[in-house]
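One chain is shown next in structure tokens, namely the form predicted on its own.
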């Protein structure tokens, strides 16, 4: 166990050095899109709209936090790994080191988790000034737990796609075809109840949908969708196993 933790820290160390050097830039870049969404949808289009007796701002803040965990964790884990693997070719050095595949995957994913938590925490602090109901919720600790789980899920997804991508264009293609639709269709900005049943079922196949549902329920003290938490954990396990299998083939 101690050896595994030491190996994970070894893999994570280089990413932490980069993050420590550019931490202010990391926070700034991770907050630009969420704040724009908050201003455009919360203060612009959503003025006067209510959901379940809550203002639209109260409703949309947890969804935007879920979106921030997705983009921050995915890009934090996947982008640098992708560049290191295909451009600098320095990831090959890690493969040749006496480090387990488990430690490599966890170390690279933790880089994304930390970036996702930093961005989500900064947005959460801003959100608490707009919607203090989040901190007052009896399920606030559950909210934080879901936030951390979401960061792991999307960090594992970032690592998986970075392993699969064969060119820089592949990363952009995945972002445009998968992440961008998830951004707007996963219940981040609207309630899924008003959608046709077939579309609602299809959207439950996206991890961001379950992250948004869990964070919103915990923030607004609504009945918690435990099935969504189980599904979210299932996505994380699937992405992690995918990373392990692909890295094993790469190592061979």
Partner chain sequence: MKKVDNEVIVTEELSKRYSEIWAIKDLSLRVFSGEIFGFLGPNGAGKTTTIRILTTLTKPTSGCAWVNGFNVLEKPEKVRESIGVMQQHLSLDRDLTVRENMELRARLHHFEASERKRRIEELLDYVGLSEYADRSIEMLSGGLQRRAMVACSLIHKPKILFLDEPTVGLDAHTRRRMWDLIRRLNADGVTIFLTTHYIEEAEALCHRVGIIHLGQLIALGEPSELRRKMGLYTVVTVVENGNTFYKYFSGRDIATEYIKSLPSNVKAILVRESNLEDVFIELTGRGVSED
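Numbering follows the first chain given and starts at 1. Remember, predicted model here, so these are calculated numbers, not experimental data.
Below, we turn to the form predicted together with the partner chain, even though it does not appear here.
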Residue contact check: residue 170 to the partner chain in the predicted complex, 4.5 Å heavy atom: no
is_contact(residue 128, the partner chain) in the predicted complex, heavy atom dist at most 4.5 Å: no
Residue contact check: residue 13 to the partner chain in the predicted complex, 4.5 Å heavy atom: yes
Residue 182 within 4.5 Å of the partner chain in the predicted complex, heavy atoms: no
Listed residue that, although the partner chain is not shown, lies within 4.5 Å of it in the predicted complex (heavy atoms), from 110, 99, 122, 142: 99
Single option in 95, 178, 148, 86 placed near the partner chain in the predicted complex, where near means a heavy atom within 4.5 Å: 95
Which of 170-178, 154-162, 87-95, 69-77 lines the interface with the partner chain in the predicted complex (heavy atom within 4.5 Å): 87-95
